[in-house]
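In the form predicted alone, a lone chain appears below as structure tokens.
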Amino acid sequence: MAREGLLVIRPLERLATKDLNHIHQASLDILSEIGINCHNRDAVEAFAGAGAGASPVGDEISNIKIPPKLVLKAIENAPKEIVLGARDPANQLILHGDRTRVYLASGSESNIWLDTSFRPFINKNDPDEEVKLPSFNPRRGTVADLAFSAHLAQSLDTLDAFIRPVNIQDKDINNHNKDVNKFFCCLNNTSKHVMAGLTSLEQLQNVIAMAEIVAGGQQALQNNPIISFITCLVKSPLQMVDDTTQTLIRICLEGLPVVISSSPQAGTTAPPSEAGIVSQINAEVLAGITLTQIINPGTPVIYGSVPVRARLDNLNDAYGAPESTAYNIDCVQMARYYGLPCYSTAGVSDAPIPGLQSAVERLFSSLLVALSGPQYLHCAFGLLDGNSTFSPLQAVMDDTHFKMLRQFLKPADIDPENLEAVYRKIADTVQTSQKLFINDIRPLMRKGKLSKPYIFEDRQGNDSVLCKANQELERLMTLPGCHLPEEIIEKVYERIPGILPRLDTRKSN
């Protein structure tokens, strides 16, 4: 049985049908008339063999003009329902392009891990008053941090899938062993679906072999794809880079789920207007989707979007800007326009540490993008500073806020038969001396129909949200780990080269 996710009955929409039609046509015009520059020879030959125009524009670069009929055929061939499997069958995800059931995932390989500690301070005006205040320590991420975050993800109730939130940068990690270690670290610490990018194409077969061992064989992995891949093959504007395009081709041939992700920045690598950036990102994603269906028709491909707006002070990504949220909602609508499962972005902030700015920006994007109904919503837990920093403390708070959103999204309970009972209850209550309905609220709360007070609330009037959230983080990390069985770990170490000995958890199982 698949995870429940968040069911959005009436999705939030910014674009009218005519707007969707205009963007669709503009994207087809971009691909057929402007074209996309491709640095990968295999992709050029595949496009040309399928009927696209290919003309050289430089050394090892060809301009590909993709006719609309080729794009439309690819959209038709792409699966409209994709299953993302998991070690625990109860954690399986079913992504259907026409159904607005939202699954929440972490993300997205930040370089910085943010430790938080709390130290006591004495009020200089009142020596008897002691408060605990947070101290933040940013540092480079490690495999131990990745294991920690996967363990945390296993414990967070609203998190449905795991994208590694931290880049492993240990001294003994290199391009030859990075992929096997990050995938093993994830699979060995969470039973939820694992999605990741690939650092080196040379390691694809080892990663797949590892997943087959964990899943129970080659066919078992096809039936229950416990891993999937993100490919950022497009460099905006309109360029297919060589290595990630080659990776995409190989993944397509394996038949495993893959995300086509594009991340243009409005004002630098994409037009600053909403119509401009959405038309461009839609064209870039459609180009990638078209390639997947040329290489292997029926490849389970997910429409991925990470659009942002440029900051004007330093030209960095402005993830917390309202425009970035608007672009993401537009892309969710475009994916639904094609009936394709959508990988979208929310829960992002430009703040470097947890706090008021982080809460405002994260809740703004999380609420609005989630309500637009993407099937797979990433970056939703713990990311700060334009997705460059991961804070486990922030992730715990995010989980609490998504529980509140889940409560809000429950279907309205308006039953005519219940209204008759409510009418009688009102009539009876107004005849009593206290005229209160207090006896009715506790049964509803026990049944989960009413929300409880904010879990980090402080009735003394102190701002102790971060301190209470840290206490919850410490509690979650005392929960038992969700490691692979010892016999599976033994097979992985026997057959997959390069996995670090310190990731072996057999002694702690």
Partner chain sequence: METEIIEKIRENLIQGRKSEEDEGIDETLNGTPGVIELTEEALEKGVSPKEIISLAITPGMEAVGEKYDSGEYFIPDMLASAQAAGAAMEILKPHLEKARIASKGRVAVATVKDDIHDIGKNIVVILLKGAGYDVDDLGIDVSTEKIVEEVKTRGIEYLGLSALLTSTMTRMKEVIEALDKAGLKGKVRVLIGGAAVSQEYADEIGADAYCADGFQAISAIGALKQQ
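Numbering follows the first chain given and starts at 1. Small disclaimer: the values here were computed from a predicted structure and weren't measured.
Just so it is clear, the following notes concern the form predicted in complex with the partner chain, a form of the same protein that is not shown.
In summary, among the residues Asn167, Gln203, Asn387, Asn181, the only one with a non-hydrogen atom within 4.5 Å of the partner chain in the predicted bound form is Asn167. Checked against the partner chain in the predicted bound form, the residues Glu417, Asp313, Asp413, Asp128 give one hit for a heavy atom within 4.5 Å, which is Asp313.
Proximity to the partner chain in the predicted bound form, taken as heavy atoms within 4.5 Å, picks out 170-178 from the listed stretches 114-122, 247-255, 170-178, 289-297. The partner chain is not drawn, but in the predicted bound form it has a heavy atom within 4.5 Å of Lys235.
Although the partner is absent here, Val241 is a contact residue: one of its heavy atoms lies within 4.5 angstroms of the partner chain in the predicted bound form.
The partner chain in the predicted bound form comes within 4.5 Å of a heavy atom belonging to Arg140. By the criterion of a heavy atom within 4.5 Å, Thr269 is counted among the residues contacting the partner chain in the predicted bound form.
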